[in-house]
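What follows is one chain in structure tokens, specifically the form predicted alone.
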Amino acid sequence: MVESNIIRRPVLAGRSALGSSITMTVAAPATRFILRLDPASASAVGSAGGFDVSGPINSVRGSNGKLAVRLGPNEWFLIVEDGEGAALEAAIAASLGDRFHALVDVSHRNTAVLLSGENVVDVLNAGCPIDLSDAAFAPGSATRTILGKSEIVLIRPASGDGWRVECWRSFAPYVFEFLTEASR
């Protein structure tokens, strides 16, 4: 990993939700990667750098501190705590060996909002056109979708009752305000 002098500042620092139907929290800074790996290789290794890559498309494995989101046949969105990027890169290189793969650090691109509360589905569905009922989007589900006019990755970890909305930093103020307004 190439070290740089770039300082990543939280784009949503100091924001808080005004609505009462849900709780919104700006997620702690995290290190994020996109892993591209042949599905056959993923099946053969089962895990890469400690991440379970065996799940079906549109699923998430792990806890909020370490998530592997399978977005496509050969694409995983990996999230670890901030500062663990170099260790993750080394662990993935070691576990995949000479298998062809691409690992790209996208930490600078994304931020996240954590949502919880009994009305989260209603608030999300104010701008997200997919069925978020338990039957269609059970815990352990994740997908790339839209919220209003912004592309997001919507994650519903298997553990806990919360949701994670990952978005590009440039759309974060819009996403936060959209969710705030929808929660009123």
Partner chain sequence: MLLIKCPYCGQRPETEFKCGGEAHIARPEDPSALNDEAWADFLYTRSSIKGVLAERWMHSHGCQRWFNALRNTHSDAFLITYEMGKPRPAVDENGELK
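Numbering follows the first chain given and starts at 1. No experiment lies behind these values; they were computed from the predicted model shown.
Quick note: we don't show the form predicted together with the partner chain, though the next part is all about it.
- Within 4.5 Å of the partner chain in the predicted bound form, a heavy atom is found for every one of 73, 130 and 146.
- Interface residue remark: residue 54 is not counted as part of the site for the partner chain in the predicted bound form, having no heavy atom within 4.5 Å.
- The partner chain in the predicted bound form is approached by residue 58, whose closest heavy atom lies within 4.5 angstroms of it.
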